[in-house]
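The chain below stands alone, shown as structure tokens; this is the form predicted alone.
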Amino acid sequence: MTRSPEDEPAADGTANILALQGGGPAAANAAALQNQYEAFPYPPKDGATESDGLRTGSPSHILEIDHYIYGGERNWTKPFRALVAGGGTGDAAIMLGQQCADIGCPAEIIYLDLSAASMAIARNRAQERGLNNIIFHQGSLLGVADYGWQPFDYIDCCGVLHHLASPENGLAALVSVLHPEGGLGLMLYGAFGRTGIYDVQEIMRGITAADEDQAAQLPLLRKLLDHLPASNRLVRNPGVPHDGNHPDAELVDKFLHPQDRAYTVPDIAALCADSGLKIASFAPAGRYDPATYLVDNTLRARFNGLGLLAKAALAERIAGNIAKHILYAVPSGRPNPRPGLQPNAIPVLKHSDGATLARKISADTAFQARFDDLTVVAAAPSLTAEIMRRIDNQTSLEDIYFDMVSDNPGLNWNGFIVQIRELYGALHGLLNAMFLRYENDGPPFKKQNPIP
């Protein structure tokens, strides 16, 4: 399944399913899944090369891992062990491997997938980049406890669990090899945003024979998609393309999948709790805040005092179009990360340096976040340009403030924090493009040289 993009095309961890071991219906289903991804490696990489640049996305961008899992305090000069559970054609493993190499982090990234065809593509991509920090392993997610691996600091599982016969068993297996201080980045299908997809799946099951493989069904699927009436629920869902002009692997994964389910926020919370996890945050966080969609103060006041999950559950119903839930989860017993906008917090930008962005800021600048078919706009606070040109990924909020006072004599700390809170709400909450770091023994985020 596709990894959520920010400033460039989406990068996937995988939709490849790691098969259940043993006999019975579950094993038969797992075999069908493996056959699909041998025939249709996913995500499709037709024509794509590593010279096109590093494709980044969520989950598993290293700045997100640092922020959501480690509260902005991890020392990235120390060894880092990651598992990409369902590596597909390699996007998550390549993204992690390249970013760790770029900052000099001694990383060991285990790529795990059942599909030899997908793994071959991922391996070739790593070789093309000259990455030697990725170890490739063909096998089952449910067997991770038997491979003799040491606990992982981080586990990526993007678009995988919702295809397993037992997502609960799959997540429990991953948690069994997670370091107590580590965490997971997950992507699970969203129930409301996938309106119409399951209708088409049912239609295809109703008009095809059991012995017709997915390749044989593709021409019929394309014809169906091109002839659906305007009243059809898929056609009426603007967030999901409904024509047949897409790569084979994409159509198969979406409409011909043998095992597929979608989740609501409460479903995900229950899934995590059953495995001893809690949700650290959804990403971007602002997409799961009702205030993002409702500007009326009377309505907003009704959400005051609600917790993360209660707000998120309401927000997904208000938005109505979340097709993929992206989240970070940590062991339930871990304390929550330190508070956010403290004086010693260091703002870090994901895609550019502050000075470059500051030159693009004008009096009428507004930040726009595209959530599928919905665009959300946030006004830039008045001091945005002055703040942005001082963000160099190593200067704290306190130091930024004192540097600004000489140019703004009437600016006090409270006024500054109001500006920062609005800016952070847009750049972090909506665009997922600003994160917070704290001084430690070896921060790797060099001045004006953020991780790509």
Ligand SMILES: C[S@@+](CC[C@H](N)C(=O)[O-])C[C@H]1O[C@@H](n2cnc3c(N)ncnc32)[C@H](O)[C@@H]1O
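Just so you know, these numbers come straight off a predicted model, no measurement behind them. We number the residues from 1 along the sequence you see.
Only in words, not in the display: the form predicted together with the ligand, which the text now covers.
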TODO: Given the ligand in the predicted complex, answer whether the residues Pro43, Gly88 and Ser140 all have a heavy atom inside 4.5 Å of it.
DONE: yes
Open item on the list: At 4.5 Å between heavy atoms, only one of the stretches 329-337, 157-165, 235-243, 297-305 reaches the ligand in the predicted complex; which one is it?
Closed with: 157-165
Task: Heavy atom of Tyr37 within 4.5 Å of the ligand in the predicted complex - done: yes
Task: Heavy atom of Asp253 within 4.5 Å of the ligand in the predicted complex - done: yes
- [ ] Spell out, yes or no, whether the shortest heavy atom distance between Ile94 and the ligand in the predicted complex is within 4.5 Å.
- [x] no
TODO: Tell me, yes or no, whether Leu33 is in contact with the ligand in the predicted complex, where a contact means a heavy atom of each within 4.5 Å.
DONE: yes
Task: Contacting member of Leu114, Ile109, Ile268, Leu349, with respect to the ligand in the predicted complex [4.5 Å, heavy atom] - done: Leu114
